[in-house]
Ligand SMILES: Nc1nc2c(c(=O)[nH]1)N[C@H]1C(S)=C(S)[C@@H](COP(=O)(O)OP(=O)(O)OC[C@H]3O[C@@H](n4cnc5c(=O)[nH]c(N)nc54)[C@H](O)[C@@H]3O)O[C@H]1N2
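Just one chain is shown here, as C-alpha cells, and it is the form predicted alone.
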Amino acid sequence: MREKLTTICGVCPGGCGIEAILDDGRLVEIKPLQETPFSALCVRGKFAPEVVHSPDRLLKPLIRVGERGEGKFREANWDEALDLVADQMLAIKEKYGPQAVMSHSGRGAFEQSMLDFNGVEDSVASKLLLPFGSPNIASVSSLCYVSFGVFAPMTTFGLTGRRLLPDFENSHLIVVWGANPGTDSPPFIYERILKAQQKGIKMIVIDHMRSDIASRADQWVAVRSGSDGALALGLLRVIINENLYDKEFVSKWTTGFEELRDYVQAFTPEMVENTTGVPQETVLALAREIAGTKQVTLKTYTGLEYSNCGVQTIRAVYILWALTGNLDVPGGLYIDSPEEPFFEAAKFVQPEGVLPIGANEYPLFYRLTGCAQFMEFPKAVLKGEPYPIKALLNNGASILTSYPQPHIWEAALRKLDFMLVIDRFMTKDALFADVVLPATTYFENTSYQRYPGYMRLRQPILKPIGQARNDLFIFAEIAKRLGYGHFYPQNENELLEKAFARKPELLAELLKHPEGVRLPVPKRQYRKFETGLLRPDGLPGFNTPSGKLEIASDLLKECGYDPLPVYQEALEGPLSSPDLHPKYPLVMNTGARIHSTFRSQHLNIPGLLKLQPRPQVLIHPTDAADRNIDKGDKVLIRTKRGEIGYYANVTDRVMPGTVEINMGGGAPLQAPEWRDANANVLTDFTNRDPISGFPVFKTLLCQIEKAK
C-alpha cells in the first residue's frame, strides 16, 4: 500500500522539507516540497531510499572476534554489547584513570537534538565522558570549521562566525571568498545569491579554482591556494595608504590599527602578485572597488582554513570588511542577534586536575572549545604523551578517510585496549573496533529542525532498520551503565520534553502543526557596537578583552601567538621548497566538495555513484599535455609521503600548475576505484596551522604521471 508523508529529509544536517513516498512501509521516493525550493539543490536527498535501505546498513550490534583491522565480528544483543562497553571503560578508568578514555564525534552527531543536548554551538563533541571524569572529548572540529566559525571571529569581534551573516538582498556588491555555496550542506545560501544576481547585483569570487559559483560570477579572481592571507593584506595596504578606510570606525572602535598599517607595507602589489598570482592591476582595482562601493557583503567559509596561517587569513578578511565600513550595516556583513536557547542542555562539568590532550600545544583551541585537539591522539596512544590514551569511543566519524597519513592513525587504533564505533555502515574505523553499534538515520528518528524564522518537528517516516537505535539513546544506555543516565533522555518523549523545556508552549504548537510554525524574527538593528548590544554588560563596543574590534588580538597574544593577522608562506610550496619543487612541481589541493558525496559518505550508494563513478584529479590542459594525459586516463599522484591512483579530469577550472583531488575514498564498502583512493595518503600529519592545529590540506606539492 502506497502512502505519502511529509517530514524533513535530514541527509544534510539542516534538512529540507520533503514528501516521502512509502510502499508497504518501505521508503521508495523523495520529492522536495514547494515551500522549501532549496531542497531541489540537494542531490543526495533524491537517493535517500538507497541510503536507508542499503544492503550495507549495520543491522545488529557486533563484537570483534578477530584481530584489529581484520573485520571479523559476531552478532550480539544490545545488552551484551553495551555491558561490554561499560565494563571496558570502567576497567581502563581503574587502571589508568578516566582521562585514558577518549571520545570522537563526526557527522553522525550533527543531528539537531544531539547538538542541543550537548550544549554545543560550534563543536559537535559528545560530552558523555565529562561525568566519567575524562576531559578528552573531541570531534571533527579538530580539522574543520572552528577556525572559521570560532577562532578567527572570537579573537577579532568577540563573537562566533555563526552570527556573521551576509546581507545579499541589500548589497551592492557580493564577494565570495574561498567558498562554493552550491555544495553547502544544506545549500541555503546558493539560491539567495542567484536571486541577488538576478536583481543586477555584481558578484566577485576569489578562489584557487573556478568552482560553480565562480563560473557564475562577474569576475573570478584566481589566487594560488594558501596565499589568500597575502592578498587580503595587500588589499588592506592599498586601502590604508590611499585613505579609503572608515576613519571614524577605526579611531573609535578598533585597537591595533597603527601596527597593522606598518605591517602591511611589505605587501606591495608587486609582492602580492609574485606571491598569489593575482596581477598587480587586479589587486589595486579590487581594493578600490571593495572600499569604494557602499554595502559590500561577504560570503566565506571553511576554504581558507587549510593553510599554515588559516586562522590569521580569515581574520585579515574580516578586518578588511570592518575597516571598509561594511560591518553590521545594511547590505554588508550583518551581526545577527544571539539565538535564544530553549533546549535544557545537560549540566556537564569539566573535570578538574588534568587537561585534555592538545591543550598545551594548542591553547587557544582548548580555551575556546573546551575540547581535546584530536590531531594529538596518535601521540598519546603511541608514545603516551602527555599521558596514555587506551580507549576510544568514535561516533559517526570516519577517522581513516578524514585525517592525514592514515597509516599513523591505523597504528594508533591497533594499539588501543578498547574501541567502540557507533555508525550506520561498516567504516574502515569500525574494522578496528571491539564493539560496533548500529545507529539510525534521520528518517528513523523523532527530532526537530529550526531555521531562521521557522521550525518543525521531524517525524520518523519508517521504523528503525534492523536493531538500529538513535545515537543519543545509545549514549543514554552507556551513561545509565556508568551511573549517570539521568543526564540523558531515555526515549523520544523525554527528548522532546528536554528540547522544549524552556518553551513547552512551542512544542504544543508544533505537535498541532506538523508542517511547521513560523517564529518571530527580531527586527534588524545595525551598528550594534554603538548601542551596547554586543556586550553582556550593555556598554558600547565589542565583547573582546579591550572592548573593541581587535586588529591586534589580546587573546591571541595571551595564548602566545602573534596578535596581528600575519601571513605565513606555505611550509611546503613553490616559494618555500626550492629543493622539493622541481621533483613535485604541482600545487595540490584537496577537500573541495562534490555533489554526489559528503566527504566519505555515500560512495557505496549506486545511484549517487552514477553521478561520479571514479575519484578525479582536476588538472589544467597545459599540465595534462606536458604529461601526455587525456581526460579519463588513470594517473598516479605522488607526494613525498606516498602515491595513489586517480582518474584525470582535464579542465581549465583549475589554474595552471595546480591540481584539485577529490577526497573521501579509502573505506571498505566503497566502489573499488574510490576504496583505493584515499587522498590523505598524500597529505601531511605534521604540517599544521599553529593556532588551530588543523592539517594543511591545500598548498602541498605533488607530481602526476600517466599510469602504466
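The first residue of the shown sequence is 1; numbering continues from there. Quick caveat: nothing in here was measured; it's all calculated off a predicted structure.
One more form of this protein, predicted in complex with the ligand, exists but is not displayed; see below.
Contact with the ligand in the predicted complex, judged as any non-hydrogen atom within 4.5 angstroms, is confined among 556 to 564, 350 to 358, 299 to 307, 164 to 172 to 299 to 307. Put simply, of A430, A287, L534, V223 only one has a heavy atom within 4.5 Å of the ligand in the predicted complex, and it is V223.
Shown without its partner, this chain lists T155, Q373, S402, S134 as candidates; in the predicted complex, only S402 has a non-hydrogen atom within 4.5 angstroms of the ligand. Heavy atoms of L519 never reach within 4.5 Å of the ligand in the predicted complex, leaving it off the interface. Not displayed here, the ligand is kept clear of T254 by more than 4.5 Å at the level of heavy atoms in the predicted complex.
By the criterion of a heavy atom within 4.5 Å, Y245 is excluded from the residues contacting the ligand in the predicted complex. Heavy atoms of T183 reach within 4.5 Å of the ligand in the predicted complex, making it an interface residue.
Every member of the trio W177, H208 and D423 reaches the ligand in the predicted complex with some non-hydrogen atom inside 4.5 Å. For the partner-free chain shown, G106, R107, G108 of 83 to 118 come within 4.5 angstroms of the ligand in the predicted complex, judged by any non-hydrogen atom.
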